[in-house]
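First, one chain by itself in structure tokens, the form predicted alone.
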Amino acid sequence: MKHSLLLLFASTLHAANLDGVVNIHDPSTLVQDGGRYYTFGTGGGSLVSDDGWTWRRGAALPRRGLAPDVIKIGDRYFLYIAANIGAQPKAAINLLTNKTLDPTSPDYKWEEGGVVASSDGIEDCNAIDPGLLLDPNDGRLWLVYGSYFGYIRLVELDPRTGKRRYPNAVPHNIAINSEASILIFHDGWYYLLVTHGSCCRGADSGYNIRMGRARKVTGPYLDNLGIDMLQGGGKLFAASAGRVIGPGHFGLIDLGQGVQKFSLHYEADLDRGGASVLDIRPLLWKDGWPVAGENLRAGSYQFESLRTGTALEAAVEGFPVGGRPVRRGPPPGPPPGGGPPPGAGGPPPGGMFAGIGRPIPDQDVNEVSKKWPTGTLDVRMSNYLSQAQQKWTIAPAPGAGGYPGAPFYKITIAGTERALTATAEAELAVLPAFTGAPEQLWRIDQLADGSYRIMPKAVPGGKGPLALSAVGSSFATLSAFDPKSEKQRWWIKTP
């Protein structure tokens, strides 16, 4: 594919961008209950969100342990939380169960389920940092755990009770020199993601996430160089960047239709005073390996259809940047009758291909738009020519809320307030101003291949959910998203 992931925000350094209260350490995989999102952290605290974007403090657990993980199976939530027994590495992982995560529900009651894994302080394992996988192939439930005091271990649980299935079975050793382990399954492979480096030192923490994969859940887990994670292998997945330090504690969020994200925490977010914070980022896939995507930053971009290669634009008369080419002086080549060759001194050779001899500035949209109609504009596709009507500003819409990991955005022609809008006919238009109406709020999800799905929050008349779709090379509309089609996939590129 000629468009690599590196084309998409290659120079953009990541910054945590969730809203509200996001302070947490060692967050569990996000789970939903009643439309709300929940995560639990070290110390027994929790965060809750109505939309996955704005977060607040939630109810505390009855246990104050370390690095919990949680999963819903059937009508119950199984939460596993570790505690040191005296000095590390003597520890135990306890099970808590509940019918609901909503503390206002009459069914809200955490029940103790006992110890499911432990370490005696002598063996080469520290039974902390539980991570869960419900195998989509056979419905078996697996628990991984451990830390730098020894091996990462794997045991099987009973999905009916959440308890250890074979208490006397010897655990499988699958990795070493890591912690905060978790398993995911994708396209015939089991992936083990672990956290390397030092934790709990704020902006001096060395946390980073690494991974290996195996055809069997019990391993061996090898990295991209073929090194076993039992021998210290691990392909890098996420590292510190920009003003966030120490990523750790991966958790998969599968939103369906090919949209996957992952939760994590940073040991220190310098823009939030060095606090440990939750974040949610896109999960991409390349060459059989998960890739940590980047959240979209506010800025000006072009929208290019993956299917057609043409760009989204307002349907107005376009004007060539710098004006139309004209002949300036003699054509290129040796001057008549001899003389020095072109480029050997003097002015550049002429001709309509010679240019003007200096950089051409961007179009001034305020000047160009004087020739545009003042009312509603249609939308179409065209070859990208760096013209003003092809450049769009994406910015969070104030007070509009969001969805897991991102706010709703407003999309306007760069340098103007002319807003991309979904119409009652499930088509597209550019209105003279942004009003904040649902049809002017846009959800932008990065897909597994790095391209984007762009959807209005709502279409007038309830015709939704629909996605921005390229029809041929010259027309754009809204239609139901098809994960197998390229029609609704877009590159969002810096113009």
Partner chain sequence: MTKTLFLLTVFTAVCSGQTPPTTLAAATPGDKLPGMGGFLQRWLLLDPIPVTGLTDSAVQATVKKDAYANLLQTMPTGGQKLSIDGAELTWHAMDTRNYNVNLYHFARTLGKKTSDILVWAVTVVHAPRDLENVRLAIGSNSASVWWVNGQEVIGIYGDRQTVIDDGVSRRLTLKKGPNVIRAAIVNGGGATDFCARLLDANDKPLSGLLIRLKDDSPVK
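Positions refer to the first chain, counted from 1. Predicted model only: the values in this text are computed from it and were never measured.
Keep in mind that the form predicted together with the partner chain is not shown, yet the notes after this line are about it.
S.K.: Tell me which stretch of 96-104, 221-229, 310-318, 196-204 has a heavy atom within 4.5 angstroms of the partner chain in the model of the complex.
M.R.: Of the options, only 310-318 has residues within 4.5 Å of the partner.
S.K.: Could you work out which of 76, 380, 165, 272 is the residue within 4.5 angstroms of the partner chain in the model of the complex, going by heavy atoms?
M.R.: It is 380 that has a heavy atom within 4.5 Å of the partner.
S.K.: With the partner chain left out of view, which of 124, 156, 425, 254 would have a heavy atom within 4.5 Å of it in the model of the complex?
M.R.: Partner contact (heavy atom, 4.5 Å) among the options: 425.
S.K.: Has each of 418, 434 and 436 got a heavy atom lying within 4.5 angstroms of the partner chain in the model of the complex?
M.R.: Zero of three within 4.5 Å in the model of the complex.
S.K.: Considering non-hydrogen atoms and a 4.5 Å limit, does the partner chain approach residue 18 in the model of the complex?
M.R.: Outside the cut-off, so no.
S.K.: Does residue 487 make contact with the partner chain in the model of the complex, using a 4.5 Å heavy atom cut-off?
M.R.: Residue 487: yes, in contact with the partner chain in the model of the complex.
S.K.: Check residue 23 for me: does it contact the partner chain in the model of the complex (non-hydrogen atoms, 4.5 angstroms)?
M.R.: Contact check for residue 23: no, nothing within 4.5 Å of the partner chain in the model of the complex.
S.K.: Are any of the heavy atoms in residue 109 no more than 4.5 Å from a heavy atom of the partner chain in the model of the complex?
M.R.: Residue 109: no contact with the partner chain in the model of the complex.
S.K.: Going through 457-474, which residues have a heavy atom within 4.5 Å of the partner chain in the model of the complex? Please give them in sequence order.
M.R.: 471, 472, 473, 474, in sequence order.
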